[in-house]
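Single chain ahead, written as structure tokens, the form predicted on its own.
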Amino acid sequence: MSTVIVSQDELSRYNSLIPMLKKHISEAGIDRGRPLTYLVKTYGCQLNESDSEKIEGIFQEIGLVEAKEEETPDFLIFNTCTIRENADIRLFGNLGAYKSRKKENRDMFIAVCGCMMKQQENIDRIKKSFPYVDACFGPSDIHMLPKILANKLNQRKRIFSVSEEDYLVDDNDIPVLHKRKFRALVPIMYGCNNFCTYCVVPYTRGRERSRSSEQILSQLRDLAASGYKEVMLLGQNVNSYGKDKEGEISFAKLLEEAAKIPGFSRIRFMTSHPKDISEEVIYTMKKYPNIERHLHLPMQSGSSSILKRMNRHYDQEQYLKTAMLFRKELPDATVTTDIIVGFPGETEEDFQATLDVIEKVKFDSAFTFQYSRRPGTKAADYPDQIPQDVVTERFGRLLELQNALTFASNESVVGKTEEILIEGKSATAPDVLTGRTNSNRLVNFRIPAGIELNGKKIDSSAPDFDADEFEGMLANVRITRAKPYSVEGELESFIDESR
């Protein structure tokens, strides 16, 4: 596969179809006596979330209105992930549930996009077993969505438009619907060159393609001017940003330039690869307080021999050097990780090496997985697959250790007052707000009686109290209680952002 930069002329040709689509949607809405609706179901990582925001931006540009989750939309898109087997199972199960709904509404448009569509076996399965799916397209084909919709309207045929090329588009020229009032997802690069032996991402998202730093910084300045408090810089491996473009700045420099833009309270990024993260990134994080005090550094295994079989290009010693430098330079920050248990060939000694690293680094939390055999990867063909009962037993021991460390980490902030960026209403109760600290710790908190905002007392027990009204605000919250995966607190004050 090769990288193809989409020209402004080509993108303009796709976008020129939007007025025609908007006219069709409007007329169809008049005929049905209601606005036409859409729903995008997203699986997987933040890059998929970002892709879905572009799809929704295009849908709203042509006049569609978002449907509620329980409603049957007129336009439905499944944006898929193929990192783990259960994501495949969920997709095909949920897709099957819409067969009867398509019978009830023959004009309903159903499409599947994302990483799963870069694997031919999934395309073949949809062609054969899901004849009511109207279209499929790949993760780098989103800019073509107006053309796909126009072709479907004109031809009424099924469209399978999955490109072999790795497209790179100026994201500033694609409509985006940011789903959160406070946070904007900003991809800085696409694809991956690492070819870890358990992972399909290089085959589904293509080779690494960095966006221009000028485009990224222009987008960030626009977002800050629009009032976004938090941005997340995204890439499969952000630390290799710019290495594919001669003369481009490094990720550490891009991070620094982003931190200098007035208006952002939080600048987040993921994901970092331990083989590529530089000390300069750590010192840049230390220098700028609006860069989140949190590093997600996927370890996968603590065994050097297993890391070599995974093709990770670092060993236990190198990983510990990076993690411990971060701990030393930013002692109040958090470190999180990804860990795979039961990789082919993993011995008890290898697993113990993973536990040893966990004990040394004391991760504040971890995303833990049992190894999932993915077709098309080298590891899927390794002969020394681990019996499931062994994997399950080891996984239990790992969870016991990491859960204890996570709880201890949460206990360490009890009694402290933390600056919280409010994300909205908690799932626990209608009068509870939720947000995160600058170290990415999840906080659920209540507003005590007597608190005022703009001269008006807030009564969280009132029937008309709407916790979502506070989304995007900053607040000082005193942490009162640790829980296994979060902390609880009480609001002390809202922060005057005009200071």
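No experiment lies behind these values; they were computed from the predicted model shown. Residue numbers run from 1 along the displayed sequence.
Separately, the form predicted together with ligand 5AD exists; it is not shown, and the next lines address it.
- Shown without its partner, this chain lists Y198, Y228, F137, F351 as candidates; in the model of the complex, only Y198 has a non-hydrogen atom within 4.5 angstroms of ligand 5AD.
- Distance criterion of 4.5 Å from any heavy atom to ligand 5AD in the model of the complex singles out Q370 from the list S250, N151, Q370, Q385.
- In the model of the complex, ligand 5AD lies farther than 4.5 Å from every heavy atom of P187.
- Not displayed here, ligand 5AD is kept clear of P146 by more than 4.5 Å at the level of heavy atoms in the model of the complex.
- When contacts are judged by a 4.5 Å heavy atom cut-off, K181 does not count as touching ligand 5AD in the model of the complex.
- Remark: V361 does not count among the residues lining ligand 5AD in the model of the complex, judged by a heavy atom distance of 4.5 Å or less.
- The candidate spot formed by Q300, D338 and R374 lies fully in contact with ligand 5AD in the model of the complex, as each residue has a heavy atom within 4.5 Å of it.
- The stretch from 292-300, 111-119, 420-428, 277-285 that comes within 4.5 Å of ligand 5AD in the model of the complex, counting heavy atoms only, is 292-300.
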